[in-house]
Structure formats: C-alpha cells, structure tokens
Ligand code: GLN
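Here you get one chain, nothing else, as structure tokens; it is the form predicted on its own.
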Amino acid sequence: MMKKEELKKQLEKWVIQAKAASIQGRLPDYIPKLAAANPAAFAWQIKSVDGESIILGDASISFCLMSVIKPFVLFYLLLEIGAEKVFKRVGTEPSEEAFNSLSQLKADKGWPRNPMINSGALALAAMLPGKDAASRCENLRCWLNLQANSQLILDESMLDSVRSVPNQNNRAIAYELQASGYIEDAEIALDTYNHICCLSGKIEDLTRLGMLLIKYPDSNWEDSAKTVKTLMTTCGLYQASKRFAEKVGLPTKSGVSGAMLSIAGERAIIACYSPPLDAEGNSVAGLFLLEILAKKWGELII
C-alpha cells in the first residue's frame, strides 16, 4: 500500500503527462463562454469512500457540469418517480452516433436511445417537476445540494452564453421528441436542459455528487445507483463508451466543459476538470489519467 504522500507524488507526475497530452485537444466553439475557457485550467480529485482525499491543480476553479449532470438527473427521477415511468420515455441502448445526433433519433423513430445523450437528456428534462425551466432546475439543484452536501449554483452567464447562439440541432431533437410523443413541450424541455447543464461547482462538489452513487443514505437507493452506473459505463462517453469500457471499465460521464466523473467500484470517486476535448467531446487529460489509474489501481488505496 502506498502512503498518501508517495501516492500524491506519483499522481503529480501523471498530471504533468496529462496536461502535455491535452495540448492535442480543442475547446468547443459552439458556446462562446466555453470557447473562451482557459485551456490550462486543471483540477483533479480522488476521494475514497471513507473520506480520504487528494486534490491536484486548482481546487478553487468553478466550472459548469454540462453533460455530467445527466447521470444525476436520471438518479433523481429514478428515486422520485421510479424506473418504470422513466424507461417508458427513454431507452438504455448505447448509440454509435454523436451525442447530439438527430439522424440517430430519426432512425429510431423518435425513441431516445439512452439518458446520457442529448435526446435522452431532453426527455428526462421534460419529466422534472416544476412549472418552467427555472423552477425545474432549482428543484434539481436544491435536491442535489441537500443530498450531496454540495454547493452547486446556476451559472447565469453561461446560460446567457448558451442562449446567445441557439443550438438548432438540439431544438430539432426536442421537436422530434415532441412529435413522437416522448415530451409534451419542446421549448420548455430545451430550456430546462440548458438550465441544468449550466449548473456549476468546484471539483469537491463534483466528487460529492459522485459519492451519492456509492455511499447512499438509504438502502432503497442501491438499485437506482446501479442503474445509473451501468448506463455511465455503456453510454457515458458517447461513441467512445464501448472502447473505454473494454479498456478501463470504470463508470464515467464527461461533459463538453471538460468536466469528467468516474466511479471506482465502491471505493472512490475520481473527478477531473480540464477543458481541451478530443474529437468525441471528452476531456483529453481526464481520459489520459483514467487509463493510467485503471492500470495502476491496485496501488492506489488512499
């Protein structure tokens, strides 16, 4: 077993390599505020189930969760309304197309394949309680902060940035879902989706959210947590999910902000923030570090 300081020194070496690899990535250009992010910004945390933690990089950086919120929307709805109702509106099958594929949705006759891609997340957003997008987002935010002891906030400036360049592809997906009967109001669903993706926190908030999936206060949460982790494994990294599952095997969800969250069995949570993305929309540094950890995990008992 490595001592914590020895482990930290080893992790620091890997972080240097990960940052060098991230130069190959790019920032998303379709949301102005994300395109203006500092590509060198970096935060990484490993937190064990017994509370031991190592943070590298800048723990004070705030960032939007973007698609990393999707597993927690699913978790919330599974607990609040049950799996039967949830999976009448969204499937559990991986998609070989991009996370925002309209052609995949049309090929599936309007059926959203899984909750980790945009069509599925829009279908879930339509199921959140509340009269409008703001109240739905606030209900989710308050529930997550209460359960995880996190301090998520809505990044209003990011929401303004998202709205400044309307995503016509997401709008088309929402209207396709409405036409197929899986959502009732495309505009409210789309606005809700935009709101929840702009929930923001620090690296500690992200690990606290992840801990909900392995250290739950109620045994009734176990089945829902297992469902979420399974879908993170099979669908959480878009087209890269199958390849990553075979190579690494950790339930993982990424977001186009550069946020990434992984679940290491029942032992620990791994969270990363590094904005440069690969061609499939996943954090280059985040994936790099996870692949190293998967190979060396036997030593990493903190």
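Because the structure is a prediction, the values reported are computed rather than measured. In this text, residue numbers run from 1 along the sequence as written.
Below, we turn to the form predicted together with ligand GLN, even though it does not appear here.
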{"query": "Heavy atom of residue 256 within 4.5 Å of ligand GLN in the model of the complex", "finding": "yes"}
{"query": "Interface membership of residue 75, ligand GLN in the model of the complex, 4.5 Å heavy atom rule", "finding": "no"}
{"query": "Close approach of residue 104 to ligand GLN in the model of the complex, 4.5 Å, heavy atom", "finding": "no"}
{"query": "Interface membership of residue 238, ligand GLN in the model of the complex, 4.5 Å heavy atom rule", "finding": "yes"}
{"query": "Residue (of 170, 200, 224, 150) lying close to ligand GLN in the model of the complex, criterion heavy atoms within 4.5 Å", "finding": "170"}
{"query": "Location of ligand GLN contact in the model of the complex, chosen stretch of 209 to 217, 136 to 144, 189 to 197, 85 to 93 [non-hydrogen atom, 4.5 Å]", "finding": "189 to 197"}
{"query": "Residues of 93 to 129 having any heavy atom within 4.5 Å of ligand GLN in the model of the complex, listed in sequence order", "finding": "99, 118"}
